[in-house]
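One chain comes next, on its own, written as structure tokens: the form predicted alone.
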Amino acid sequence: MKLRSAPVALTTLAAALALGSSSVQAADPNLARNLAATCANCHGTNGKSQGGIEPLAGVEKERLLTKLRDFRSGAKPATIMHQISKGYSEEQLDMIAGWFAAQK
């Protein structure tokens, strides 16, 4: 019986991928949180920095997106953020910024 359900699962996954990342995001409501978790090493858990790196929690989404885009383009100097920001799609950056903006 599991053999029959595997093609159905693969077909469902393929359909979600074909429809674009918004369908995948809808399939995984934790995707934004999981993407944002990669920022914890420097910016603290949930964006609540405990040290010299600026906190991200509660910062307006558009402000975060502007900074991320500036890092990506090289307009804003960085030690590592210019490389990190290039590793995400625009949609992923949007999800990450939105997630941090929603944090208290």
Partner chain sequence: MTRFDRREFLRATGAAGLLAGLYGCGAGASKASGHVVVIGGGYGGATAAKYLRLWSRGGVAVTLIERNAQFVSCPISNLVVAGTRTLADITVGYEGLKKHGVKVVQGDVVGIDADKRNVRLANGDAVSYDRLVVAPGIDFMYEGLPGLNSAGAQESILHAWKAGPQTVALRKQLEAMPDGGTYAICIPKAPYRCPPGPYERASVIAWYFKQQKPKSRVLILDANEDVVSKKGLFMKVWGDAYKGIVEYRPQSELRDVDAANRTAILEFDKVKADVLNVVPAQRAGAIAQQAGLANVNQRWCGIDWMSMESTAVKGIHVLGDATFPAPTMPKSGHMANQHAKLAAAAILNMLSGQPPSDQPLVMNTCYSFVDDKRVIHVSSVHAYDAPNKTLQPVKGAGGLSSEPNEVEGKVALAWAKNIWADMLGGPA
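Everything numeric in this text was worked out from a predicted model, so none of it was measured. Residue numbers count along the first chain shown, from 1.
Just so you know, the form predicted in complex with the partner chain exists too; it's not on screen, but the next bit is about it.
**Q** Is T45 close enough to touch the partner chain in the model of the complex, meaning at least one heavy atom pair within 4.5 Å?
**A** It does: once the partner chain is placed as it appears in the model of the complex, T45 has a heavy atom within 4.5 Å of it.
**Q** Does the 4.5 Å heavy atom contact test between A75 and the partner chain in the model of the complex come out positive?
**A** A75: no, not in contact with the partner chain in the model of the complex.
**Q** Taking 4.5 angstroms as the cut-off for heavy atoms, does T38 touch the partner chain in the model of the complex?
**A** Contact with the partner chain, yes.
**Q** Does T66 reach the partner chain in the model of the complex if we count a contact as any heavy atom within 4.5 Å?
**A** Result no; T66 lies far from the partner chain in the model of the complex.
**Q** Of 71-92, which residues get within 4.5 Å of the partner chain in the model of the complex if you count heavy atoms?
**A** Heavy-atom contacts to the partner chain in the model of the complex: T79, I80, Q83, I84, K86, G87, Y88, Q92.
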